[in-house]
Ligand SMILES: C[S@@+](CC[C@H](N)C(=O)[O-])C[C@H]1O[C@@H](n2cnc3c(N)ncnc32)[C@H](O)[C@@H]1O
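Below you will find one chain, with nothing else, as structure tokens; this is the form predicted alone, and questions on how it binds or moves follow later.
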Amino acid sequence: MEKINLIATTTFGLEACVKREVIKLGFSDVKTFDGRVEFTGDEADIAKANLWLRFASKVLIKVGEYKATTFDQLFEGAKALDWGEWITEDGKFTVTGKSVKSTLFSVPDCQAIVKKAVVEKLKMKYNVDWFDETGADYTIQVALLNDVATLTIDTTGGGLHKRGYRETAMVAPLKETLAAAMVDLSYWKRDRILLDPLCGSGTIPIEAALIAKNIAPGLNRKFASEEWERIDKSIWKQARIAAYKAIDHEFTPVIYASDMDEEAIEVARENAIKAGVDDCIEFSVKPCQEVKLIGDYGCMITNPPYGERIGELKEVEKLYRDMGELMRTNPTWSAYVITSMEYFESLFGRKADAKRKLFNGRIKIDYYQFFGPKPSNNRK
């Protein structure tokens, strides 16, 4: 079977996380670039990647890549590609675009030219002059970087962060993909206690529970490529059956989540129920200063307010001090915090053992990591 070139896109800073999970899923020819991880697979792997990738943003088919400094080059390069391999005669397709450090900087013009090239190619393929566009949806992207055009088809649809459990969220919610990556980048393992004392709508504890139970993050949602003719319905059915069989029903992690906002906790509980992990998380309404570290060698992983709204700064500074005091009550614990506040460490009262630059939406943030001691081998 002919291999398909695939791209898992990702936000800046998470490329290594996506690469690890792509390799873990058994994909081959893995290559890492800024904002994406490329690999090869087949039709079944499109379903597998969409169902299982926790940290990626989308799964794209790489149709072609070539140098384009003129609109003629862009048109002819797009027209030379075999779009009919994927897009059916009745297919409905749109073209999106982006351009970075390239001669062809007008994105609308690039989109229009690629659209025209694809139409011309499909006219030749199907020997027609008109397309009804009543079939499945296909989203083509033309991405120009340093005068190289990469043309792809989106297999995912709505971003992979849309797991299907968070229909309701509080103000400034954390993307599920970033929350899962925060857990992955920590030293937390499923047999250790996890605490989020500022859980909001519950994204971090829910993602941790999904990881602990080995529940595929895309199990309860649909993907654009499920409606494509080339990928047989049986492929998606078998991929979901395999994902259901992979769930560890016997294991229950110990996860605590709290927030001072009663409405947030109600939303978090509802989200946990929809995700199928409500039995894994103990939710409570309480401010950070009333939280206790239960047990030893646990991990606090949290996304606190950043103090970027008017009038919030003093409250947030006090909150960061409270978090530092909480962690000092039990030195066996580790702490992992993301924030855009540059002087967070001085408020927390300790220099981070490691720091990683990430992005929460458009906000540049740092992921501060404070390591506790490793659990002893003979502990219960």
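Computed from a prediction, not measured in an experiment: that's the story for all the values here. Numbers for residues come from their place in the sequence shown, where the first is 1.
This next part talks about the form predicted together with this ligand, which is not shown.
Though this ligand is absent from this view, in the predicted bound form it lies within 4.5 Å of a heavy atom of just one residue from Gly298, Gly97, Gly200, Gly218, which is Gly200.
Proximity to this ligand in the predicted bound form, defined as a heavy atom within 4.5 Å, holds among Val114, Ala149, Leu104, Cys288 only for Cys288. Residue contact with this ligand in the predicted bound form: Asp259 places a heavy atom within 4.5 Å of it. Contact check for Pro304: a non-hydrogen atom falls within 4.5 Å of this ligand in the predicted bound form. Among residues of the shown chain, Leu144 is not one whose heavy atoms approach this ligand to within 4.5 Å in the predicted bound form. Using a 4.5 angstroms threshold between heavy atoms, Val63 stays clear of this ligand in the predicted bound form. Stretch 191 to 199 is the answer when you ask which of 224 to 232, 272 to 280, 122 to 130, 191 to 199 has residues with heavy atoms within 4.5 Å of this ligand in the predicted bound form. Shown here without this ligand, the chain has no residue in 70 to 99 lying with a heavy atom within 4.5 Å of that partner in the predicted bound form.
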